[in-house]
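Read on for two forms of one protein chain; each stands alone as structure tokens, with the labels structure 1 and structure 2.
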Structure 1
Amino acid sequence: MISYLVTVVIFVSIAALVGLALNLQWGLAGLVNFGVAGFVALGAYTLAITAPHVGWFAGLALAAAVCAVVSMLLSLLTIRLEENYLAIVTIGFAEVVRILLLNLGDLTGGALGIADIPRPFAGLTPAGWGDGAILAFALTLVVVVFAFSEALVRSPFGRVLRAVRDDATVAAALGKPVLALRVRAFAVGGAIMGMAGALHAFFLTYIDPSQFTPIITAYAFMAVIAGGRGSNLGLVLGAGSIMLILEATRFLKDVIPGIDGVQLSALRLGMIGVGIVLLLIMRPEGFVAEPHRRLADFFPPESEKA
């Protein structure tokens, strides 16, 4: 039971990381990324391929760097066009990643995947505590990325991104480098997705292409929408509750008679789809709305000044 809970918490951490990244790209900067699964896979495979040679930390850094560079290139191609194009390119990118992973057998092991991925601190943890170490590592990573995202939202960079999201023309007229800002936001998000993929690989120590389906993308969108676009706190709550609901629905099998595994997974995924649509229609601001600063926050009225 404990090991099951540890697994759930680690999956929540991975989902939270992916969600934080998407929240940065879509929630904060208004850039839709439908290729989330592709970036996570790219991060996981970069780590799995490089870590045995350069160590886990350099592997993690490489995973983040590779994803950042790829995100940058994809966004550079499309970012001067309408939103639709970035979405199309990222969805195609995820497909290409999947096909390459399956077919570049020498590098990726094809459908068999890569096994024996080294874990961080592997030599330092006592036997049987390997998952505990990963758990601590995952939580640390989430806390660090969360703090980083929060700082980013409050920084001038975050403010400008929101301005660009809400009205790119006005931001450009104020002399803000709209394209450069968008590319940077997309790259930072990509790097975080790469790290989430690396964490995935660390935890399972075995990866294959079937682990990185568009479902990851759907979860991430659901988490961002449920949590409230632009709100990092809401996002972590959203990612947590979605994973909990998903885990809970595993037990539906015991409740509904005559349902098989495929139907159950279809039901769960369909629920995600319905959830996305319903939330968009009924509660577009999510459960924790993006904090809006008013002028008064910066210049308190005379009466409040002590």
Structure 2
Amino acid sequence: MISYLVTVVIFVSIAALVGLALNLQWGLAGLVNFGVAGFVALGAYTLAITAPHVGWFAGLALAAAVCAVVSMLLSLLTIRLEENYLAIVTIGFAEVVRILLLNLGDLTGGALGIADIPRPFAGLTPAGWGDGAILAFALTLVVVVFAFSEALVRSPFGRVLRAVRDDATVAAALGKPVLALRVRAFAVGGAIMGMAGALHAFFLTYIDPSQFTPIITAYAFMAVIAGGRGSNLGLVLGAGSIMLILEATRFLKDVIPGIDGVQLSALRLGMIGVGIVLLLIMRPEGFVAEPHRRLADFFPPESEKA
């Protein structure tokens, strides 16, 4: 039972990281990314290929860096396209990644994938503590990324991104570098997705292309919509709720007679969809509304305290 709960918490952590990245790209900057699964896969495979040679920490850094560079190039390639075409480009990107993973067998292992991926602190923890160590690592990574995202949202950079999202023409007229801001936001989000993929590879120690399906993208959008677009705290609550509902409804097979695995999977997704629709009707801003306070508001100058 404890092992199962640890697994659930780690999957919630991975979903929270993916959601935080999408919240930065779409929730804050208004950049639709339907290729989330491709970036997560790219991060996981970068970690799996490099970690045995350079170590887990350098592999994690490379996963984030590669995804950031690819995100930046992808956003730059769409410079001459309308904003919504970025969404179509990202769909194509995810498909290209999937095809490359399947066909670059010498590098990626093809459909068989890559096994024996080293875990962080594997040589420092006692035997049998592997899942506990990766759980602590996952929670630490979520806390660090959450704190970074919160600081970013409340910084001048975050406020300008909201302005670009709400009206890019007005922001450009005020002298804001709209393109550079969007490229930076997309690159930072891609880096976080790469770290989420690396965490996925660390935990399972084995990856193959079938693990990175478009459902990852769907779960990320569900988490952002349920939690509240632009709210990092709401995003974490949304990701946790989505994953907990998915796990809780897994046992419906024991309650509903005659239902098979495929029908149960469709029923679970349908229940989440109905839940999100009801949530948007009753609470359109999601679990937590987008924050508008600045970072400096939490640390007022001494003259204002008197």
Partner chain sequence: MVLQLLLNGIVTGLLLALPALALTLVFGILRFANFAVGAMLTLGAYAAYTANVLLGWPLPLAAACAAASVALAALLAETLVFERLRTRGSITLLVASMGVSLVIENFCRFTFGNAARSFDLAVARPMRWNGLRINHEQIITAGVVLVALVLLHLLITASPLGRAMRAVADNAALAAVRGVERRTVARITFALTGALIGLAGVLAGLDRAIDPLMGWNYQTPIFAAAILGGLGSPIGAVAGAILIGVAEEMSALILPVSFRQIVSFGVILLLLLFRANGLFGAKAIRK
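Definition used throughout: the rigid core is the maximal C-alpha set that superposes within 1.5 Å between two forms. Remember, predicted model here, so these are calculated numbers, not experimental data. All residue numbers here follow the sequence of structure 1, with the first residue given the number 1.
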- prompt: Between 1 and 2, where do we have the form predicted in complex with its partner chain?
  reply: 1
message: Taking 2 Å as the cut-off, check whether the CA of residue 269 shifts that much or more between the two structures after a rigid core fit.
response: yes
